[in-house]
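The form predicted alone is given below as one chain in structure tokens.
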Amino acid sequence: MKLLNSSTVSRNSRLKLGAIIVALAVLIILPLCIESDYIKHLLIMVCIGTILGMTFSMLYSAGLITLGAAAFYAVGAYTSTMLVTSLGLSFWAALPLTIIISAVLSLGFGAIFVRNAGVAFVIITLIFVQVIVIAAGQIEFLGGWGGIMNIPRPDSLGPVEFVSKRDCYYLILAILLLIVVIYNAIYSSRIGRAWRAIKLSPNLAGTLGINAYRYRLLAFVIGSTTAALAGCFYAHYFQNITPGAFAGWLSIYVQLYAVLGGLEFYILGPAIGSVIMTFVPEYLRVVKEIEPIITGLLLLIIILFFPGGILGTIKNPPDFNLTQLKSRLNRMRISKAQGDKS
């Protein structure tokens, strides 16, 4: 039996490794097979969306629901922009400084926010996003509501100049893969196990010696710093930023990336959700008038009937028993008839 189990695990590991290698090969070759810069741009947006979705999933894994994913996305974008445009630093010098500054800020704010878990945390993070957006719009040094234009692209690395969509895609892909490796290592470590215990029951986790506040604060800092890293790339890729780009709806979309893919799939779930939420609305623009309606209906169907998300549904497909369905409809019909008689 042990030999059988070990051979099964070994086979599953080889299959998983093979799938990862194939996926990496596809991601690397994909822009070489696509001529359209528009499609390459969408792929870049998928990578950004995946990173943001992963930050939401990280907080969810620790039992926190946030509506403030866009806050440190904006902090990263504005911090990197000011370091480059005002201090004259290169993108590669501004990048680590942006990460450090965002980590310090997230530690300071998180120390206050995380003490209020539950609904209070959701409301606080939503308000925090609005404060960041309004502050960026009111401060002239940050460009005001008109934003900041002509932000330099990332400085060249040897022959790579980061002017084309393909070069920018490979840069964000490298950032995404680095984050995936780090996140996977964290989820597989004692920290990840502590987060899962806290999510199941903070009180029970406390009896096991797990400090829920500290572990949640760690999740907040890591997630916020990751969002800031994505914001840093965003600013230099689009070469302009405005406060409106980080408004509350962005945080809602970040939630949808994770929910659509599957909340229990902390890395692959946001990737699947980001692909759907990026490509489906874009290709529905041919019916611009009803595109929001179609997108909204698709989201409602998935959320209401497939609460486990796409990956959750694939892993545990719902049991559509027609006999039970007919029986339930008959009972409803009988109950309605009895109500009409009374």
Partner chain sequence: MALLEIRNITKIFGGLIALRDVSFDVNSSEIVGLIGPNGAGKSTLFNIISGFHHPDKGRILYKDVQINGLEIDRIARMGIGRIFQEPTLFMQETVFENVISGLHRHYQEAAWKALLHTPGANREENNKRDKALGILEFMELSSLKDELAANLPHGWQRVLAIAIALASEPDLLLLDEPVTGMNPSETASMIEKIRQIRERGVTVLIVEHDMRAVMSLCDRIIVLNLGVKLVEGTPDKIKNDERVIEAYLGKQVL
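Residue numbers count along the first chain shown, from 1. In this text the structure is predicted, and so the values were computed from the model without any measurement.
Note that the form predicted together with its partner chain isn't included here; everything after this is about it.
**Student:** Whether F246 contacts its partner chain in the predicted bound form should be assessed with a 4.5 Å heavy atom distance threshold; does it?
**Tutor:** No, no contact at 4.5 Å.
**Student:** Might G108 be said to contact its partner chain in the predicted bound form, defining contact as any heavy atom within 4.5 Å?
**Tutor:** It does not: once its partner chain is placed as it appears in the predicted bound form, G108 has no heavy atom within 4.5 Å of it.
**Student:** Using heavy atoms and a 4.5 Å limit, would one call G209 a contact residue for its partner chain in the predicted bound form?
**Tutor:** Yes, G209 sits close enough to its partner chain in the predicted bound form that at least one of its heavy atoms falls within 4.5 Å.
**Student:** For L263, is any heavy atom within 4.5 Å of its partner chain in the predicted bound form, or not?
**Tutor:** Contact with its partner chain, no.
**Student:** Taking 4.5 angstroms as the heavy atom distance cut-off, pick the stretch from 80-88, 169-177, 147-155, 183-191 that is near its partner chain in the predicted bound form.
**Tutor:** It is 183-191 that comes within 4.5 Å of the partner.
**Student:** From the list I101, I267, A117, A197, which entry has a heavy atom within 4.5 Å of its partner chain in the predicted bound form?
**Tutor:** The option sitting close enough to the partner is A197.
**Student:** Would you kindly say which of I127, I252, L204, I112 lies with a heavy atom within 4.5 Å of its partner chain in the predicted bound form?
**Tutor:** Going through each option in turn, the one that passes is L204.
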